[in-house]
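Take a look at this one chain, the form predicted on its own, written out in structure tokens.
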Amino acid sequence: MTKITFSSKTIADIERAKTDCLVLPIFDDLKLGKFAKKLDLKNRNLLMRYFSLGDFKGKIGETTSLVSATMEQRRLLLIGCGKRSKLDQKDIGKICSAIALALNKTAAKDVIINWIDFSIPYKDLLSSLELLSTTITKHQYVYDETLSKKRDSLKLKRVVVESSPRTTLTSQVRRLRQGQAIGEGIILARNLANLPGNICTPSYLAAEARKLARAHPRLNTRILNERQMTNLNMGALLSVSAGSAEEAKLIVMSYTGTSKSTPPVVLIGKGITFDTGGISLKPGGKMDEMKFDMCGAASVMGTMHSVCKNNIPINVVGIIAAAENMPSGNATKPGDVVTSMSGMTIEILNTDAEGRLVLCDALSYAERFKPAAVIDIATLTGACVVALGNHATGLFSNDDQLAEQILSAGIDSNDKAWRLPIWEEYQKQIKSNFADIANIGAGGAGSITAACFLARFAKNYRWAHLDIAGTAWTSAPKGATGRPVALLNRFLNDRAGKE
């Protein structure tokens, strides 16, 4: 992957700026902005003549590439922006994606983006620049880890954004590079999740966490093995790995961005590197996609990378509960009862409801950090896909303020979540005759009863659960999305700013 250099500059004479590609925003009224008018004059009214043909409507996400009539700009890339009066963060996200995808279809190495003519409200300007660089960066990702012939890398090397006089160049460059680091975190998460289960094992994740710590001085990584987890009485987590030849790992990454006495935010990722369902074996169709059952862990790893690159002034602990869920003579059986780290006993009615078993012990382990807040991220339930589809991540929380902060971060980062309830009425669905709690609920609301299960282990701190079963990967085309790395970064940046 080519490393892109992002910068922001004041360009007095846009029509004289030399570049492989000049990106121009065009609204559906087809009226040219101040700088585009200068450019069109230099190009002998190329744009207005093209508009008169009626081929380009200026709809959001619409793109057209034209050969410039001048020597300074080799090509002009027109980006449809819809209605001027209705431009919001969602629309900006669509525009950024259109720019990134259109640029990838060209051989351009050097790009100038005319951001001034967007006329984005001041309060959204810097966040839009962050979203732009995040989007361009993440779309540079090409998977070729397990291909015998490597794919051609994309050409883009330099992006210059025409700066706005409404804020300083320094702040604009900072947000562009901040977005780039988030994009890199998304790429890391996607690549880890796309790797096959025979490569990306719990031990592989542990090695990647150590590599991350070596790259970032403020990050410290500790790996707990099964013997250490046994000493901590993590019977729930260990029940999942019992049938596998791969040893489970509890990966603990600690980032110190401010005073050590400041309580950290703890992120916990479900890291089931392959999920057969165990003795409660899954159907064969699409079982290959169960390599994506560690997308929660991948998102924590990607977020930690971005946090380190951006030196966010906040303390963050990333915990990954990594295991492989396999059937064998040693595997946990339906009806078995295990004891969690909290001391609570669990009747395992279905071994395919294993994510909550690894997470509950990680939630108990998180207490030792005296956290300001804990967020777990997991591809937990198919029921969440039924409820929300592939657009929104399911959000559950025992704290209204924390939930609102996460929802707001999702909107600002174009990585949205939607809150679902964990009312007391649902708790009775996970009662057991033979243990303190059952690992599946009766009577529907599967994503809610799963969250209710986790809530039992998160009573001593502010907690939120993100069910990313519908948003972490797509089946067509098949691949990981890197969500919710952008949401988590926005949440942590907002929190650091307030602290």
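So that there is no doubt, residue numbering starts at 1 and follows the sequence shown. It should be emphasised that the depicted structure is a prediction, and the values quoted were computed from it without experimental measurement.
Below: the form predicted together with a small molecule, not depicted.
Stretch-level contact analysis of 186-194, 205-213, 289-297, 135-143 against the small molecule in the model of the complex, using heavy atoms and a 4.5 Å limit, identifies 289-297.
Checking M304, L380, L363, V266 for any heavy atom within 4.5 Å of the small molecule in the model of the complex turns up a single hit: L380. Contact with the small molecule in the model of the complex, defined as a heavy atom within 4.5 Å, holds for exactly one of F27, F457, W473, W463, namely W473. Contact annotation for N350: at least one heavy atom lies within 4.5 Å of the small molecule in the model of the complex. The small molecule is not shown here, but in the model of the complex it comes within 4.5 Å of a heavy atom of K282. Using a 4.5 angstroms limit between non-hydrogen atoms, K270 touches the small molecule in the model of the complex.
Proximity of R356 to the small molecule in the model of the complex falls within the 4.5 Å heavy atom cutoff. Annotation: in the model of the complex, residues D275, I440 and A469 each come within 4.5 Å of the small molecule through at least one heavy atom.
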